[in-house]
Ligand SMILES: Cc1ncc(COP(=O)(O)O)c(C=O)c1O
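Starting off, we have a lone chain in the form predicted on its own, written out as structure tokens.
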Amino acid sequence: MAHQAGLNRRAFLRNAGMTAVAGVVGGATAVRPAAAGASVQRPTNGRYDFDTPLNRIGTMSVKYDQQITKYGKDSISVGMGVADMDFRVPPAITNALAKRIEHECWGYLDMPPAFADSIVAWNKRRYNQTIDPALLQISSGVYPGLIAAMQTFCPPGSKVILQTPTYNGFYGMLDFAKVTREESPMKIVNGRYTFDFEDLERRITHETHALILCNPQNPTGNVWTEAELTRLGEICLRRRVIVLSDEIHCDFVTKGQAYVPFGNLPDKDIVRNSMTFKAASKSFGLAAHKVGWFFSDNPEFMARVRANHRADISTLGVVANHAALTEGGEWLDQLVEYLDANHDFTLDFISTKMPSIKAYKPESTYLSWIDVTEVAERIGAARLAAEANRTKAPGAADLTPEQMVERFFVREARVQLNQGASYGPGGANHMRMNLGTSRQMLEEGLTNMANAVRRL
């Protein structure tokens, strides 16, 4: 029924669940370790608190609880692996969720047009990117959107190009879509990762149907320039390879850098040969809410992918994401500033107290891609991996030297990082380190790592 107990459910969702409480009041925030479920954190003098550590253990967290299950009780002090953040979400999100929960009825979701409007407005306001609402699809996340696109454009057994090292989740997506990976390793030029365009051209065959672009790049932290994206787009257009651009980290750039949406390239033929996939999950800590979106300037692409796409989205996911996009901008601006300082702190710490590890400041993301070659050599990581593989259970996957480095830091520092080999060619002797936490927790993790390395 459209009305129940005098309540129009569309109006209710729009007014009660889709709009965060305005006029957040100020108040002092005590600086103390905070447990999950503590009261809503409000800005003090217009500043949000990212410094108070947040205890996530016992909250069904992959970053903490899953690692404790894997490595044992008291094994993890600081989780610096999986890419989510240890911060409370903006108060607008918590307030919007609390207001919707008060209704205590969870019927079918009627997707409000205001949500798509908020996505369009966010991209226009922050990146001057124009998205046609008719060519925008709400999804359960970037994963389901990319899989639907590959199932549309890439027959089983055909090839999809990855430029490595790249986000390791792409490999599982490719397997699910029953397509074959074609890896084009990037080059390092003057200390910066760049596309190897010659290698890319050589790898494209008649069996290559798509390329997954990571923009900004995970794990290296690159934000690609207009010139780099244009040359990549020209190759793909000429060779009839569709660009699937994952831009989930676009809201994070470090000082002096600028994110260029693939959809903003001046050559519209290149743009029409692409689709873009985004979400607010990285930006606002909403991964568990399972909401994302994708769009294209190509109506044919959108129509074909929609035929292979199904999104099961919860009311609370829409409520949280809408509040983030409509009222979370100032919180995000302050967060990006804080994370930029985390990058500077990390770079200075490693260079002065852990010189055996090599690091650089990325152009984007809250991730650091570190070279642990010397640590791997000191612990005999290759030998340890070889020994483990000789005694592993039948059918178990081979262990890598980078996994031995991961285990070393868990055992000796109670810090969990992501092992670099999982990001494909170019990931050897590297680890991905998540800096999306309070400065206090970041310093604790880095200090523990430095002490562990010093004891070698």
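Numbers for residues come from their place in the sequence shown, where the first is 1. Note that the structure is a prediction, hence the values are computed from the model and not measured.
Although it is not shown, the form predicted together with this ligand is what the next lines describe.
His249, Arg88, Arg100, His343 - the one with a heavy atom within 4.5 Å of this ligand in the predicted bound form = If I apply the 4.5 Å criterion carefully, the residue I get is His249.
In the predicted bound form, the residue from Gly263, Gly317, Gly141, Gly233 that sits within 4.5 Å of this ligand by heavy atoms = So the residue touching this ligand in the predicted bound form, by this definition, is Gly141.
request  = Consider Asn218 of the chain shown here, and say whether it contacts this ligand in the predicted bound form, taking contact as heavy atoms within 4.5 Å.
outcome  = Judged by the heavy-atom cut-off of 4.5 Å, Asn218 is in contact with this ligand in the predicted bound form.
ask   = Any of the heavy atoms of Tyr167 lying within 4.5 Å of this ligand in the predicted bound form?
value = Yes, Tyr167 lies within 4.5 Å of this ligand in the predicted bound form.
inquiry  = Test of understanding: in the predicted bound form, would Cys214 fall inside 4.5 Å of this ligand by heavy atoms?
reply    = Contact with this ligand, yes.
query = Does at least one non-hydrogen atom of Leu229 fall within 4.5 angstroms of this ligand in the predicted bound form?
reply = No - in the predicted bound form, heavy atoms of Leu229 and this ligand never come within 4.5 Å of each other.
ask   = Tell me which of 321-329, 295-303, 279-287, 200-208 has residues with heavy atoms within 4.5 angstroms of this ligand in the predicted bound form?
value = Among the candidates, contact is made by 279-287.
key: Neighbours of this ligand in the predicted bound form among 124-140 [non-hydrogen atom within 4.5 angstroms]   = Residues within 4.5 Å: none.
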